[in-house]
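Consider the single chain below, provided in structure tokens and representing the form predicted on its own.
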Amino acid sequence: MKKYTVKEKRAIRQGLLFISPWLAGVIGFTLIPLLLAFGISLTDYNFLTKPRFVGLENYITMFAKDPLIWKSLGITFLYAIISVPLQLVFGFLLANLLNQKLKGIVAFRTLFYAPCLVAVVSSTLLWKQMLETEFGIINYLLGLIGIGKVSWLGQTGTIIASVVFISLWQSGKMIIINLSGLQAIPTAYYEAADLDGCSRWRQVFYITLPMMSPTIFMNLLIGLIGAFKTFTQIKILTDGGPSNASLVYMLYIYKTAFTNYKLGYANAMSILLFVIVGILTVFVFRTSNKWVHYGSE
């Protein structure tokens, strides 16, 4: 066992002191709630009576007796598969456009970021009125070009498409992150490529994308976690309807806990979500060494 010198011990104590607020936050707001959630998931608890220990009964019910689990997970995966790649591409393309040195470009950057400053509830209520089948402005505009009325909030496909479009409209944070990544790329690389006669497209594929890969990697993780936490928009737009056609997993957890008062079962569902997101996160990290390139490499 390594013996530390007095100086090294003092440095370790100082380091622990500096990170102690972060450690307290992780322990108090992450580890302890996670352990409590797992403990409650082993009980039958409805807020009104004392928790009754039932062992793995909630997990057995979840995997073997509740078809809505798999339906809600399927809808959530469908949303994630569609929305995350679109957000990455949309955010990258718009960031490139907003990175141009043009007069008034700051105003355009502000306009694209502005939707992020609007409360999610307020903006979703506005979109709900716009997507309304009979009197919504979107169907009215489509009618002007000869397209019939679309029940945007009436079936799974169009509901998911609507939520994806709203998420793109609110992707200003991802655009700003991409913009900061683009501006961190040294211009010397592009100047050298111009001297060598490299086309703009080749510069994108051989300079921009490799140098932007750490930023894309971060946006991918944020997008994946955000997709599986989707709740507010669906809750306001459809509340999971019609006939559970838009019942995303987070909304199902909410209804289980606060409508059906099955807190133990809802915590078991939350643990499953934690495991799924954890597996996806580990997978993204494990594969990142094949496509993420840092400046020192």
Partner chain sequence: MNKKSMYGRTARKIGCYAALLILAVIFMFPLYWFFLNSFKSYEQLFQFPPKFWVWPFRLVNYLEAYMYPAFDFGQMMKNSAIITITSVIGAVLSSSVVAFGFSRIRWRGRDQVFVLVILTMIIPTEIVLTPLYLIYSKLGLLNTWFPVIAPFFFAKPFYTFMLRQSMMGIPVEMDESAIVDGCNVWQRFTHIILPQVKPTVLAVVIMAMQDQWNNYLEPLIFINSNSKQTISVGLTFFSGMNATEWNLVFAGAVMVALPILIIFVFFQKYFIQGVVVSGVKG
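Residue numbers count along the first chain shown, from 1. For clarity, a rigid core is taken as the largest C-alpha set superposing within 1.5 Å between two forms. Since this is a predicted model, take the numbers as computed values, not measurements.
There is another form of the same protein, the form predicted together with its partner chain; it is not shown, and what comes next is about it.
When you measure heavy atoms, are L34, S122 and K235 every one within 4.5 angstroms of its partner chain in the predicted bound form?
Yes: each residue has a heavy atom within 4.5 Å of the partner.
Going by heavy atoms within 4.5 Å, which of 67-75, 156-164, 179-187, 81-89 lines up against its partner chain in the predicted bound form?
Every other range fails; the passing one is 179-187.
So its partner chain isn't shown here. In the predicted bound form, which residue out of A245, A257, M62, L42 has a non-hydrogen atom within 4.5 Å of it?
Among A245, A257, M62, L42, a heavy atom within 4.5 Å of its partner chain in the predicted bound form occurs only for A257.
Does any part of I207 reach within 4.5 Å of its partner chain in the predicted bound form? Heavy atoms only, please.
No, I207 sits far enough from its partner chain in the predicted bound form that none of its heavy atoms falls within 4.5 Å.
With the partner left out here, check for me: in the predicted bound form, does some heavy atom of L16 sit within 4.5 Å of its partner chain?
L16: contacts its partner chain in the predicted bound form.
If we define contact as a non-hydrogen atom of the residue within 4.5 angstroms of the partner, is K149 a contact of its partner chain in the predicted bound form?
K149: yes, in contact with its partner chain in the predicted bound form.
Can you check whether E191 is within 4.5 Å of its partner chain in the predicted bound form, heavy atom basis?
Outside the cut-off, so no.
Considering only 92-122, what residues come within 4.5 Å of its partner chain in the predicted bound form, judged by heavy atoms?
In sequence order, L94, L97, L98, Q100, K101, L102, K103, I105, V106, F108, R109, T110, L111, F112, Y113, A114, P115, C116, L117, V118, A119, V121, S122 come within 4.5 Å of the partner.
Taking the rigid core as the frame, does G15 move its C-alpha by 2 Å or more between the shown form and the other one?
The answer is yes; the displacement is at least 2 Å.
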